[in-house]
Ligand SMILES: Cc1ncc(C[n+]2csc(CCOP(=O)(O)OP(=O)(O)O)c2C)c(N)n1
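In the block that follows, a single chain appears as structure tokens, in the form predicted on its own.
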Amino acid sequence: MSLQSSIVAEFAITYMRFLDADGQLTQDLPESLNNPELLRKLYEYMVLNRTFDAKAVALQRTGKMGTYPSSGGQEAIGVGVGAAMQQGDVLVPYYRDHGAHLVRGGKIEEIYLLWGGDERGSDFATLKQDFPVAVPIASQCLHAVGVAKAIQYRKQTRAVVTFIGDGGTSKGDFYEAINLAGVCKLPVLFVINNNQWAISVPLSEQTLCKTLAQKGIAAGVPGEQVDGNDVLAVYEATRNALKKIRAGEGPYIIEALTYRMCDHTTADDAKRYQPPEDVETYKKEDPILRLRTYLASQKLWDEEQEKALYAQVKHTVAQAVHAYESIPAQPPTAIFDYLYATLPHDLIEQRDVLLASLGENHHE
């Protein structure tokens, strides 16, 4: 007697792309992308992202900043997502999506200050409800779920967006976050930056999943995969997802496929483990060159605009560096200033010991 079984559920992960590596359309653009002003904005912010990012690496190399995680070659993800968000949405970032911060109106010097070891960089001048950068792997997903639950409780029409790397999707924090988000139908978007490397561990040694987007299926969270080097695809997928989320349809996952064209951080040397032939292959996927090629083909961009943009971006970054280097260092006692509304006696004693060692007098 043979055993019989039947299919109880089937799932599929779709893939979105508009621009191929040569800057050619793979399908007609939707109405939302037939907007020259938007396309130029996406290009300009990717250029700004890459320029400030390269300067950050240079600042670290010259001892003017601490360890820094570059986003070189991955600009389309942060910029595309950030541009699709509304101002009232909440960004809960990890350490490689600075482009979203910039598009949303954040300052470059805030990013420099944070990676220079000064937490005042997390006190954003304009984005008061966006969260500071999370360095622990995947913890930001739990924070995002908490914020989304608060928004849902208040019956607000807002969305939360959080990012995570491919390696982070193997962490329990990620699974717990998407599970609770699914159960509670929370207004949160999880964006996976699949740059194919968890520091030195390749994707093939992290998971047997064919896609990372499919990890949401077990939690009842729908998702899709996009070309993470196509800023148009990232923008459109994010725009569509956030529209559904704000309509109360629950959480969503976007997996953006890209490649890490830089060291994991400035404390890393990717040449030790990344196959050089892979690096050369993915250089041809450059998101900035891809969009510039398309804009030029549509007579939306020319050499004069290119020169003007790079001159402006260079000036903007130089101003940010000057602002960063001009901020006075905090006194050693600042470590006590943001712990409690009123310091407990044991910390008061410790602060007084520190003050005494600095030759200062203080009376409580």
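Quick caveat, the model's predicted, so the values are computed rather than measured. Quick note: we count residues from 1 along the sequence shown, nothing fancier.
Keep in mind the form predicted in complex with the named molecule is missing from the figure; the text below concerns it.
- The listed set Gly106, Pro222, Gly167, Gly121 contains one residue whose heavy atoms approach the named molecule in the predicted bound form to within 4.5 Å, identified as Gly167.
- Only one of Leu180, Val133, Ala198, Leu102 lies close to the named molecule in the predicted bound form, with a heavy atom inside 4.5 Å, and it is Ala198.
- The partner is not drawn, yet in the predicted bound form one stretch among 229 to 237, 136 to 144, 267 to 275, 150 to 158 has residues with heavy atoms inside 4.5 Å of the named molecule: 136 to 144.
- Among heavy atoms of Tyr294, none comes within 4.5 Å of the named molecule in the predicted bound form.
- Not displayed here, the named molecule is kept clear of Arg246 by more than 4.5 Å at the level of heavy atoms in the predicted bound form.
- Although the partner is absent here, Arg96 lies within 4.5 Å of the named molecule in the predicted bound form, judged by heavy atoms.
- Among heavy atoms of Lys283, none comes within 4.5 Å of the named molecule in the predicted bound form.
- Contacts between 170 to 186 and the named molecule, taken as any heavy atom within 4.5 Å in the predicted bound form, involve only Lys171.
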